[in-house]
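As structure tokens, one chain now follows by itself in the form predicted alone.
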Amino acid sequence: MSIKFNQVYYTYSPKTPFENEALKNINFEIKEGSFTCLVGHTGCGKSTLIQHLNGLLVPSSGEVVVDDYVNTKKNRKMRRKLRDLRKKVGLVFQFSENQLFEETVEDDIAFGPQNFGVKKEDAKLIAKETLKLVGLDESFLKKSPFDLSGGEKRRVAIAGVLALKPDVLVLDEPTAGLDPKGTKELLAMVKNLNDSGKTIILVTHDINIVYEYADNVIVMDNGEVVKIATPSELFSENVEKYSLETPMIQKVTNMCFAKGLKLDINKIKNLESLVDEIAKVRSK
């Protein structure tokens, strides 16, 4: 299920003193099954953009096409299909654990399916299956979500979205506030979901996440898309002009190049793969 933005503009509070053009002429396509990272400084329009993916926001002009759903100001029929669209595109907000409210993890995950007409017992089975997808075992089902660690709460919140079995999972700063261990575990889970065929769109400020996990990167600045590239293409140039930092792995790789080591940049994603490439070159 591909996603297309065609000449999308969005203005907050139009025709008022608070008018703010948040998105300007957005055009890109995200392919099915890909892992796309959305980056840019705070206030550049990232969160506004992703809220167009499941109809939380409607473009002031232009259109967002998700499979056969067309989100546009002129398409009133689409508004009647929002429930179906929101089952296809799951949106996980920043600090999503703040949305947990049921007494048990099981009830919290089962809430979404029940809200879409699934019987209670069937929804509980879905909760059990979905919990495995986020790396938690059945012992968590009867626990209070408020007794869990920050990383565990975040996983339960994501499970609540996955319970609707979306084709696309959109995550807004999913690692914000997590410790290194929680961050690593959560990203491994998201990568597993992507490997199983789910399309991932991830908003982040962490350039190292982009470098290691993304197939493609969309860079935003002042409401506009200023660059679309693979991580290796993006970080091969001076990214400071996009208000971004060069990832540490790229910096080390550049030092290796300066020392005459001819590494295959396309095979380097993290520290382990960098070491493998260095060892391969040194053994020749």
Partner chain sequence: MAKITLGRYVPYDSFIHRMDPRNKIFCLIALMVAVFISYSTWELTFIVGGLLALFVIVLLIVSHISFKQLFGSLKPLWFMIIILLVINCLIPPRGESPIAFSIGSFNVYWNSIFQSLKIILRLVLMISLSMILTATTKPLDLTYALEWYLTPLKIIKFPAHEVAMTISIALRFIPTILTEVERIMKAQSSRGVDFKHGKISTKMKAIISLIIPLFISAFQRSEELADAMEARGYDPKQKRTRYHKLSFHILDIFAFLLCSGLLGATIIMSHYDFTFFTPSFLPWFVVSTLFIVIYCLLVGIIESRVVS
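Residue numbers count along the first chain shown, from 1. Please read these numbers as outputs of a predicted model, since none were measured by experiment.
What comes next is about the form predicted together with the partner chain, which is not displayed.
Checking Leu186, Leu164, Leu136, Ile200 for any heavy atom within 4.5 Å of the partner chain in the predicted bound form turns up a single hit: Leu164. Screening Thr72, Asn115, Asn208, Thr104 for any heavy atom within 4.5 Å of the partner chain in the predicted bound form leaves a single hit, Asn115. Within 4.5 Å of some heavy atom of the partner chain in the predicted bound form lies at least one heavy atom of Asn98.
Taking non-hydrogen atoms only, Lys124 never approaches the partner chain to within 4.5 angstroms in the predicted bound form. With a 4.5 Å cutoff on heavy atoms, Leu91 counts as touching the partner chain in the predicted bound form. In the predicted bound form, the partner chain sits within 4.5 Å of a heavy atom of Asp108.
Stretch 46-54 is the contacting one of 230-238, 212-220, 61-69, 46-54, since its residues have non-hydrogen atoms within 4.5 Å of the partner chain in the predicted bound form.
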